[in-house]
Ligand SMILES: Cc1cc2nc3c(=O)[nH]c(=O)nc-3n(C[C@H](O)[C@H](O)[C@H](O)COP(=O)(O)OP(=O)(O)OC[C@H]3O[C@@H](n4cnc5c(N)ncnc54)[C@H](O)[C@@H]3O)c2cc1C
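Shown below, as structure tokens, is a lone chain in the form predicted on its own; questions about how it binds or moves come after it.
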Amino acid sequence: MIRSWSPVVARERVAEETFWLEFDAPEIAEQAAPGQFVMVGFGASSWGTPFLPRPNSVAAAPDGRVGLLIRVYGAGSRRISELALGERVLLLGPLGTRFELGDARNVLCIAGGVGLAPFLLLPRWLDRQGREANLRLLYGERVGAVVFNPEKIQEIAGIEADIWTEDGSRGSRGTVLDGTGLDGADLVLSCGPTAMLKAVRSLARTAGVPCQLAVEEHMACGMGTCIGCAIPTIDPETGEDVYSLVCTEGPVFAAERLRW
């Protein structure tokens, strides 16, 4: 875990209320893996909103930079989205668990909204590890206006996304689950809203395909101190109901561990 005051070295609007930011943070970039996150804060010297740091999935780690996909939901994310080139933030990370591909060769990645972030990192990370896998990326949004620029996805990740929108204004009409076909997949990875993750989990379990889910949860510290991100899970050894912290035991969980 690294604490780094890191300047903004790139900023781009990539969709409605959605921004791509890159920070100069070589030590974090070197260690970050798909599914992990950083806490983005302003330190004790900068009062105001956000007072507490915000968790964001690492979406890229090129050439010593940490790329983050920021969508404006409130005052905190807006302040981060409006950072100017050269402005510094306090990054803490990489934190949490990562996706584990094991021996999987055909991997279906299902992303909803800014749950796209870890899958922007995954292909390049696999290349750096000398791993080969066939990746299919399904990416869904409610409306076309907030779809992350497909050309930018190709630039960052090196793969194309199969895009679905509920209003049909970009890509195919429907939810991302309408494009989900598990034939031939030997692993499913997913990140996005909880309702989507529950549906993906159900589909994967019915098909008998291993599934890992990156869970979204509010956090105040990112390192297990505040216990604000506890979720109900199942102990894999005893089968008993327990609570797990998303920041340290997640955010990536095997689907069967989640008590939904």
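Worth saying up front: this structure is predicted, and the values here are computed from it rather than measured. Residue numbers run from 1 along the displayed sequence.
Although not depicted, the form predicted together with this ligand is the subject of the following passage.
Distance criterion of 4.5 Å from any heavy atom to this ligand in the model of the complex singles out Met219 from the list Val200, Met219, Ile28, Ala60. Checked against this ligand in the model of the complex, the residues Gly168, Gly86, Gly102, Gly74 give one hit for a heavy atom within 4.5 Å, which is Gly74. Taking non-hydrogen atoms only, Val215 approaches this ligand to within 4.5 angstroms in the model of the complex. Under a 4.5 angstroms non-hydrogen atom cutoff, this ligand in the model of the complex has Asn56 among its neighbouring residues. Interface residue remark: Val114 is counted as part of the site for this ligand in the model of the complex, having a heavy atom within 4.5 Å. The shortest heavy atom separation between Leu69 and this ligand in the model of the complex is within 4.5 Å. Residues of just one listed stretch (86 to 94, 114 to 122, 143 to 151, 157 to 165) have heavy atoms within 4.5 Å of this ligand in the model of the complex: 114 to 122. If you take 1 to 38 and check each residue for a heavy atom within 4.5 Å of this ligand in the model of the complex, you get just Phe37.
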